[in-house]
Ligand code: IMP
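First comes one chain, alone, set out as structure tokens in the form predicted on its own.
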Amino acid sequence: MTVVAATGNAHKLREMREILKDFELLSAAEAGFSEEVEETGTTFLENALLKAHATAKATGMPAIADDSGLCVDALGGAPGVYSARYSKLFGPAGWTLGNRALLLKNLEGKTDRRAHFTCAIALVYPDGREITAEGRTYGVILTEERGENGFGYDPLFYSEELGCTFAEASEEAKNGVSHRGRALAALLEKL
């Protein structure tokens, strides 16, 4: 089956292609869709569905979208659905800090550093049918970055299952326990 991945994030696209090996996964650009879909949902699933519906409607092809983020217990679940634009929520001063730097700043003095990544996946067909799934992975936020792989918060997220940060893990090892890997596996089971 040919499916359009409703993402402009090259890292996410590579992970999806690695996990969904039996699909022909086109990027949105390859399918001729370049519109930026605004993430106005209050949950990961709402945002994934917004992106998948818009892409399926525009391309006339099945579309898969995810919304994912880091949820830190001591911060009441933040940055959550704002993970990709976390530092921008705090205005121009926050932009220069970057998401990881701001996360570390907001965790200063906190002893509870438990966190989880959540990923909601939505596969939407041109006729409006939806198949959704969710995945989570648990760990803790370190006080300093470790590793060179991955992207986003990976250098700070220590996976207890892997015994290292996501940025220290190989792509294959990370995909085996990651929130996106688990959500995609759950989606495949439903298919």
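Residue numbers run from 1 along the displayed sequence. Keep in mind it's a predicted model, so treat the numbers as computed, not measured.
We do not show the form predicted together with ligand IMP, though everything after this point is about it.
K.L.:
Against ligand IMP in the predicted bound form, would E134 count as a contact residue? Criterion: heavy atoms within 4.5 Å.
P.N.:
No, E134 is distant from the partner.
K.L.:
How about G69 - does it come within 4.5 Å of ligand IMP in the predicted bound form, if we only consider non-hydrogen atoms?
P.N.:
Contact check for G69: yes, within 4.5 Å of ligand IMP in the predicted bound form.
K.L.:
In the predicted bound form, does F151 come within 4.5 Å of ligand IMP, counting heavy atoms only?
P.N.:
Heavy-atom contact with ligand IMP at 4.5 Å: present for F151.
K.L.:
Since only the chain is shown here, I'm wondering whether L104 would be in contact with ligand IMP in the predicted bound form (any heavy atom pair within 4.5 Å).
P.N.:
Answer no; every heavy atom of L104 is more than 4.5 Å from ligand IMP in the predicted bound form.
K.L.:
Check for me whether ligand IMP, as it appears in the predicted bound form, comes within 4.5 angstroms of all of H116, Y158 and S170 - heavy atoms only.
P.N.:
No: none of H116, Y158 and S170 comes within 4.5 Å of ligand IMP in the predicted bound form.
K.L.:
Going by ligand IMP in the predicted bound form, which residues of 156 to 191 come within 4.5 Å of it through any heavy atom?
P.N.:
Read in sequence order, the residues that approach ligand IMP (within 4.5 Å, in the predicted bound form) are K174, H179, R180.
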